[in-house]
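A lone chain, given as structure tokens: the form predicted on its own.
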């Protein structure tokens, strides 16, 4: 794991209690208020335009992501939608996107292509020649990838993709949710924009949703405008909870990565498991890249397919779990399991889902901070019923 850095705030930072920020702020003269409404100076005039606590979170995220600024949204998907519509696809822009991202991200891009004739093409981000061809077909504004893909756990070479994109006049945007700022900071590797679902590792407690977009000043200004007009700005109470989560991010992620490696090794040797996806295993196609890019840690998520690769076997397995909770999220203190075919990738074309390897017996485990032996025992007990 990368060397830990001090988080960009201290325990004594003055953060306004969120419940007193909900509606409006009296702030100086009329001229000062006018400048704040115009985004020409900082200040607080209305909750949708900003709040002190959310601004504190944005400042912390900007520093963690080595960006000029960050804007927080109510959910990760709100952040992704704002970036695609505000920066990537606006005024006829074109997007080359990873073919196997989070299912809702792909569904959003497909919907934008279908309903608004957006120019979107999907590509395998681990195939540099395929990425180059896609970028060269037509002028492209954004190459969009995930640092670790959801749920196949492919690892993207951020530095190489940044060079490919920039040489062809495109920006590189990276959803770094699965890696979190503790494993990688994409802008330090050449990426232009970093996106997080704050709901996951950054919050880490399963009690608040949020998303963020961090980048250069022009991106921040456009995202701020989108948050104000579209109404997707992150409320202060959620920002306060996420700031609390940031304080333990390094401790949590370190433990989750250690547990995930142990779980992946165990599942890889289990007779009831057909295949395991985890960047920390030497069998993973991008293992060497992950070791270099993430500094010795490999993330807290393990994906695998049952030997009996069927929906029925998957349901029996899910129903038998006692320690691992069935949930559509990840990165929490407790371990969670997701069945992509039923939830995150339910809207994906069946043939495309099968081509990518998200089969009927494919499952995704987000490791928490429980005793790894308890977690392995729970998985073993459920596997016996498959």
Ligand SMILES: Cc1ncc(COP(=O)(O)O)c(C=O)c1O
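Numbering follows the first chain given and starts at 1. Just so it is clear, the structure is predicted and the values come from calculations on it, not from any experiment.
Same protein, other form: the form predicted in complex with the named molecule, not shown, and the subject of what follows.
Figure note: of the listed segments 216 to 224, 124 to 132, 145 to 153, 246 to 254, the one touching the named molecule in the model of the complex, with heavy atoms no more than 4.5 Å away, is 145 to 153.
Just one of 304, 298, 102, 84 comes within 4.5 Å of the named molecule in the model of the complex, counting any heavy atom, and that one is 102. A heavy atom within 4.5 Å of the named molecule in the model of the complex is found for exactly one of 200, 106, 277, 187: 200. Contact check for residue 64: every heavy atom lies farther than 4.5 Å from the named molecule in the model of the complex. In the model of the complex, at least one heavy atom of residue 75 sits within 4.5 Å of the named molecule. The named molecule in the model of the complex is approached by residue 210, whose closest heavy atom lies within 4.5 angstroms of it. In the model of the complex, none of the heavy atoms of residue 98 sits within 4.5 Å of a heavy atom of the named molecule.
If you take 154 to 176 and check each residue for a heavy atom within 4.5 Å of the named molecule in the model of the complex, you get just 175.
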